[in-house]
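Single chain ahead, by itself, as structure tokens, in the form predicted alone.
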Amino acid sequence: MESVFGLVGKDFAIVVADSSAVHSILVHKTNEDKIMLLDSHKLMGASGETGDRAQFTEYIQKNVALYQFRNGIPLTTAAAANFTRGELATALRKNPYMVNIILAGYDKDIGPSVYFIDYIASLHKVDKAAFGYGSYFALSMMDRHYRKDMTVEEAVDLVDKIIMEIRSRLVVAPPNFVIKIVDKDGAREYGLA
């Protein structure tokens, strides 16, 4: 019962993911970090088949690092999102990855941004996004309570409300969540809920 969601605040972006590794009716572990650090100012939250999620996010992470190594400058968040979309689109015609992605980043001149990339390689820049079974509750809570000028504290309060809603409504609710924030100071883990 995966849940991955993210939003853009006043001067930051936040990505939240459950930390359960589940297959069918079995929970294999409850400390799986589904939010990959692409570089110092980019986060990639992913949901989908465990093998595809791990392999694809690692592939993107290494290619973003390779680009920075070769060119001496990091990719912007928009460029990283477009690269990710391109790789999913290429794979779609060969051996598709069943991965949905929320890519968040902070660029010095642009500010924070969140991109919604699904398994069929559609890409959208959004203010709020969600994937998985928890997305029904996350999106409805964000529709009601989200504001573009939210502070970190207000956003974390909204995230807590969303997590409480997911835990109370899903039959098999994930017990743990990871919250990561990216802003002008870089990407960091906020804490476990």
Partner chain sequence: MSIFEYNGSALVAMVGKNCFAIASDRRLGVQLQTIATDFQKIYKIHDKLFIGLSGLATDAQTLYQRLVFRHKLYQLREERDMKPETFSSLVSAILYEKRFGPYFCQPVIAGLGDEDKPFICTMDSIGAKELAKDFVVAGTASESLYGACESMFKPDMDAEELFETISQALLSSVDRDCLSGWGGHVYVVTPTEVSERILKEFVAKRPESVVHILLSPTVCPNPPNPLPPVRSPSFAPPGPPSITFPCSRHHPLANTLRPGVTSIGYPLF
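Since this is a predicted model, take the numbers as computed values, not measurements. Numbering follows the first chain given and starts at 1.
Quick note: we don't show the form predicted together with the partner chain, though the next part is all about it.
J.: Indicate whether the partner chain has at least one heavy atom within 4.5 Å of a heavy atom of Leu139 in the predicted bound form.
T.: Heavy-atom contact with the partner chain at 4.5 Å: present for Leu139.
J.: Check Asn95 for me: does it contact the partner chain in the predicted bound form (non-hydrogen atoms, 4.5 angstroms)?
T.: Flag for Asn95 set to no.
J.: Going by a heavy atom distance of 4.5 Å, is Ser135 a contact of the partner chain in the predicted bound form?
T.: Yes - in the predicted bound form, heavy atoms of Ser135 and the partner chain come within 4.5 Å of each other.
J.: Although the partner isn't part of this model, could you tell me whether Ile110 comes within 4.5 Å of the partner chain in the predicted bound form, counting any heavy atom of the residue?
T.: The answer is no: Ile110 has no heavy atom within 4.5 Å of the partner chain.
J.: Can you tell me which of 121 to 129, 159 to 167, 35 to 43, 63 to 71 lies within 4.5 Å of the partner chain in the predicted bound form, counting heavy atoms only?
T.: That would be stretch 121 to 129.
J.: Can you list, in sequence order, the residues from 61 to 90 that come within 4.5 Å of the partner chain in the predicted bound form, counting heavy atoms only?
T.: If the 4.5 Å heavy-atom criterion is applied to the partner chain in the predicted bound form, 61 to 90 yields Asn82, Arg85, Ala89.
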